[in-house]
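Take a look at this single chain, the form predicted alone, given in structure tokens.
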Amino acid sequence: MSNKGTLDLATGLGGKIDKTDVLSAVDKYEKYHVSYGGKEEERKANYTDMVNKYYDLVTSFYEYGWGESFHVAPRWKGESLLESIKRHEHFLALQLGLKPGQKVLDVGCGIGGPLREIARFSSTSVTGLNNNEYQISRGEVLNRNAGLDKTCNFVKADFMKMPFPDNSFDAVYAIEATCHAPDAVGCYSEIYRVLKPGQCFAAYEWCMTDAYDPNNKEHQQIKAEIELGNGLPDIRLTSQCLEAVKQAGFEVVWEKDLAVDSPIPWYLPLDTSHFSLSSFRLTAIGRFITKNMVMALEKIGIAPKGSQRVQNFLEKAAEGLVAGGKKEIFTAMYFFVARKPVHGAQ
């Protein structure tokens, strides 16, 4: 799915972290999480450091295996993974009712795959907000390559403290990004502040479903694997997510877990029992090849020490996501559209 080759993967590992410091960064990142004795309170208190380390460590792996858009999607029979990802982004743009010339904010934009697709699809100007320097530098290159650097841009900032005036944007969206927030109400409140009155915010959220049992040890382990492998301080229930949107001041237009009636499971590309030529790097064979390739690159000194450890926790993440999806205790596609009331001008 991605044009990134082996050398790109190896040289990008670690992001902006000095290559000699990658191993110690992996150590520190892992210790934030339950599997290594970490506490939720510590992850929330240090979420900026934790999430930045996570994306410095994993972005090259993501782009190598997944392409420019780091998210899943509901999928129709006969539809490729790439086609489903694009449709998922178009669906969001349509739900927001985007119109040419509007000013849009992408909260937690990654390297800007959705940003570029939505800008082309809707003829809007999109600003990507991201707190990770490496992802922004990569996104700026891709924007220039796509000819979108005049209408789309990136801003490095924390989405808990956005550097924008009140009522700045015609629409705001987040794709599997605000799950990194230590406080959903605080994050959504910032989005509310920068959105113009009467306009909408839409998001795809990662959530535990009502089927999740916090006293079930298997469920706890699956949740912990997802948090470790995806840089999350905690995973909220869909009901908690919805309540946070309302507490921030939004009127909920509609909400639904899109995983419920997806014709093809969203987690299928990560399931090792599934094989696909179009997304070969995500299959069991593709991941085995990548694992051994990273091992060899680290051994000869091209990839930094610690690269295999990153590959390992991403493998655990994939296992956790598939297990959570199959047991229906986790969804990567809780979707909502919420409107800022007209009387919400500040």
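The first residue of the sequence shown is number 1, and the count goes up from there. Model, not experiment: these values are computed from the prediction.
One more form of this protein exists, namely the form predicted in complex with a small molecule; it is left out here, but the text below deals with it.
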query: 4.5 angstroms heavy atom contact with the small molecule in the model of the complex for Leu237; finding: no
query: Proximity of Glu63 to the small molecule in the model of the complex, heavy atoms at 4.5 Å; finding: no
query: Contact test in the model of the complex: Val126 vs the small molecule, heavy atoms, 4.5 Å; finding: no
query: Partner contact for Ala202 in the model of the complex: the small molecule, 4.5 angstroms, heavy atom; finding: no
query: Contact segment among 303 to 311, 24 to 32, 65 to 73, 317 to 325, judged by heavy atoms lying within 4.5 Å of the small molecule in the model of the complex; finding: 65 to 73
query: Single option in Ser84, Gln102, Thr209, Asn131 placed near the small molecule in the model of the complex, where near means a heavy atom within 4.5 Å; finding: Asn131
query: In the model of the complex, the one of Val141, Val260, Ala157, Val252 near the small molecule [non-hydrogen atom within 4.5 angstroms]; finding: Ala157
